[in-house]
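Let's start with one chain on its own, the form predicted on its own, as structure tokens.
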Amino acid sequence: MAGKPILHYFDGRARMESIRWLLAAAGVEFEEKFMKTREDLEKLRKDGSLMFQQVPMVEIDGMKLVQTRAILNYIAAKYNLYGKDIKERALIDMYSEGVADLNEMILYYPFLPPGDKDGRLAQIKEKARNRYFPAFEKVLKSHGQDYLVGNRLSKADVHLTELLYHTEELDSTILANFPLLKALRTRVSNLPTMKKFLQPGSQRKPFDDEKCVESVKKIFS
């Protein structure tokens, strides 16, 4: 039997967090090996583990996978979170890319200079309220089903739920006008696998704070 996937990254959210969420949704236990110093990163590079010299990297099924979207797509396909046919997969990819566009802005937010944070926060909230959340609300309204695609859980639902949690951390009122998104978040959060992941003490990471930012700068400087 294959061992647990091993996640190689620093001890924070950033690009690995979506991978943690998706593995958790699939009910897959995983281990983490945290880089704490520049030397840890260089060791991974020198031993040939990082195809493009970059993390995140996930050891799974005898492979050392890099590139976040490739990792997410593999996990989704392996654990039946990627639709039933090519059309559903196209929709799941389209929705996931929309989530990633906004999530990218949130991902970089903790690493911005203090003087740039207010402007970025305003931009994140504006795009959430006026572009991305209305689009997803419309999808759910259009078919009246529990999930975004095919009326069953897919990686798009997991990514969107993660995004809703992250935006609510920045503004607790952000979902006020989006009842279907609120319902989706509740529905996904109540799945047994996700319920476990959302409990304190799980492998879910807190918002990247100043200590985490300083640590990351040391590793990647």
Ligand SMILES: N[C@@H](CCC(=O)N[C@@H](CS)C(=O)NCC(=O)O)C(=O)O
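Predicted model, so just to flag it, every value in this text is computed and none were measured. The numbering used is simple: start at 1 and walk along the sequence shown.
The same protein also exists as the form predicted together with this ligand; that form is not shown, yet it is the one meant from here on.
Heavy atoms within 4.5 Å of this ligand in the predicted bound form map, among the stretches 172-180, 61-69, 158-166, 23-31, onto 61-69 alone. Out of the listed residues Arg152, Lys196, Arg45, Arg187, Arg45 is the one that sits within 4.5 Å of this ligand in the predicted bound form by at least one heavy atom. Put simply, Gln53 is close to this ligand in the predicted bound form: some heavy atom of it is within 4.5 Å. This ligand in the predicted bound form is approached by Arg15, whose closest heavy atom lies within 4.5 angstroms of it.
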